[in-house]
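The chain below stands alone and is given in C-alpha cells; this is the form predicted on its own.
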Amino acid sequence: MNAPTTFDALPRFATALKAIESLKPAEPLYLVHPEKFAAAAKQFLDGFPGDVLYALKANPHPIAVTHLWNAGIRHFDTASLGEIEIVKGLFPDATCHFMAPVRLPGQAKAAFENHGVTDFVVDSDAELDKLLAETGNPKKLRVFVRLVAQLGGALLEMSSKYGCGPPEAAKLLKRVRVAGAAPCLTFHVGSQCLSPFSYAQAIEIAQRTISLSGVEIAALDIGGGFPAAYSGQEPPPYHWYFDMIKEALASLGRPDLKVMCEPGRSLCAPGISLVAQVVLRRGDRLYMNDGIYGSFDEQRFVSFDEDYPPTAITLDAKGKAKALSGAPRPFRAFGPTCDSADKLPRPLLLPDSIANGDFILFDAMGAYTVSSRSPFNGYYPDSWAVIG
C-alpha cells in the first residue's frame, strides 16, 4: 500500500506539452514522472544482489523520497543527521545508514540513540574513536571502513577526499573487531561511472584488504556511482554492472556475505524534468528564469557538457504548446541572477526561431538539481506538476 503523501493536490497532466499549455509557467517548473521513479527502483531491486540504499544527497525532496518508497526502496544512504531526520520524518520504518566517513560531533550519538542507526563509516583512527565514544555500545554497530577506489571510468571521482589504502584499512578492520563491532568494508568508484569493470577492480581491492587484515568482514557496501541514462551520454546496460558485480563477489568465496549499494543519481535523475522559460533573447544569448544558482549547479562541472540536450517549446496563436522545429544553432544561456557567473558552461543547441516567452524542456533533471538549488538573489525554483 502506498504511503500517504501531501502531493495529491499537485496538478497532473498527460504530457509535458499539456502542462506548459495549461500552466504557462513564468517560474521554473519541475515535472514529476512517477512511472520513471518506479522503473528505476525496479531495476535495482530486481537486479542487484543485496540491499539497495537510496543516496539521499542526490535528491532529498519529499516528492523523490516518497516515490522511491512507494516503489519499494526501504534503505537510505544518509550522510548527515539532517538527512536522517528527513527520511524518518516521512517514513519512521525506513532503515537509515550513516555513510559519511567524517561526522560532526554528536551526530553519531543522536543518530544511534534517537533513530536507531547502527551502520557507520570511518576512514581514520580519530573518527573510529569518536564513533565508539559517542555510541557507547559497539556490539550493536556495523562499522564500514572506507577504501580508496580511484580507478578511472567515472566522470567525477570520489576518492580524493575520503578513503584509505588497504594497509591502513586492514589496521582499522582489526581495531573494529577488537572493539566488538562488526567489521565491514565500503568504497565509492565515482559518480556517473561508465565502466562496469571499475566495480570488479574495487572488489579486488577489498579482497586484498581482507587478506591483509585477517578479518572476516560482516558486509560489503559497494557504494554508488551507477550512471543515469542521459541523452547524449548513454551508459552500458545496468545488467552489465550487476553481472560484473556478481562475478567479482563470487571470487570472494563468501556466498553468505551481506552486500549493499548506494545508487543516487540513477534512481532519481529520470523521474524529474524541468521547464524553464526564455525571459529575453538577445542575439545568440538567452536569459532564462533558471540557472547555475537554481537547477543547473552541476553544470559547473565541464565533464557533464552533454547531459542536458533540451527541447524548445512555444505557444501558438491559439495557445497550443508545440515543439519548435528548424535547424539548431548554439545559444549562450544565462540564469536570472545578477551574477555574471550565472551562465551555463556550454551552449544550448536550439532552433533559431526561439523567442522571448518560449519554453525549454530539460529531461533527466532529478539528480543534484533540487538538492543544490539556492535562494541566491531571491530566486528559488519550487513549482511542481505531475506527468502521467
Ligand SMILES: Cc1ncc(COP(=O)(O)O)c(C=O)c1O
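Sequential numbering from 1, following the sequence displayed. Here the structure is a predicted model, which means the values were calculated and not measured.
Keep in mind that the form predicted in complex with this ligand is not shown, yet the notes after this line are about it.
J.: Would you confirm whether the three residues 80, 97 and 163 all fall within 4.5 Å of this ligand in the predicted bound form, going by non-hydrogen atoms?
T.: Looking in the predicted bound form, the three residues 80, 97 and 163 all stay beyond 4.5 Å of this ligand (heavy atoms).
J.: Taking 4.5 angstroms as the heavy atom distance cut-off, pick the stretch from 353-361, 53-61, 325-333, 32-40 that is near this ligand in the predicted bound form.
T.: Only one stretch qualifies here: 53-61.
J.: With heavy atoms only and a cut-off of 4.5 Å, decide whether residue 290 touches this ligand in the predicted bound form.
T.: Taking the distances in the predicted bound form, the answer for residue 290 is no, it never comes within 4.5 Å of this ligand.
J.: Consider residue 158 of the chain shown here, and say whether it contacts this ligand in the predicted bound form, taking contact as heavy atoms within 4.5 Å.
T.: Residue 158 belongs to the contact set for this ligand.
J.: Look up in the predicted bound form whether residue 264 has a non-hydrogen atom within 4.5 angstroms of this ligand, and give yes or no.
T.: Contact with this ligand, yes.
J.: Quick one: is residue 144 in contact with this ligand in the predicted bound form, heavy atoms, 4.5 Å cut-off?
T.: Judged by the heavy-atom cut-off of 4.5 Å, residue 144 is well away from this ligand in the predicted bound form.
J.: Of the options 198, 273, 213, 192, which one has a non-hydrogen atom that comes within 4.5 Å of this ligand in the predicted bound form?
T.: The option sitting close enough to the partner is 192.
J.: Of 226, 296, 120, 76, which residue is found within 4.5 angstroms of this ligand in the predicted bound form when only non-hydrogen atoms are counted?
T.: By the 4.5 Å criterion, the partner-contacting residue is 226.
J.: Hey, which residues along 351-378 are within 4.5 angstroms of this ligand in the predicted bound form, non-hydrogen atoms only?
T.: Only 368 sits within 4.5 Å of the partner.
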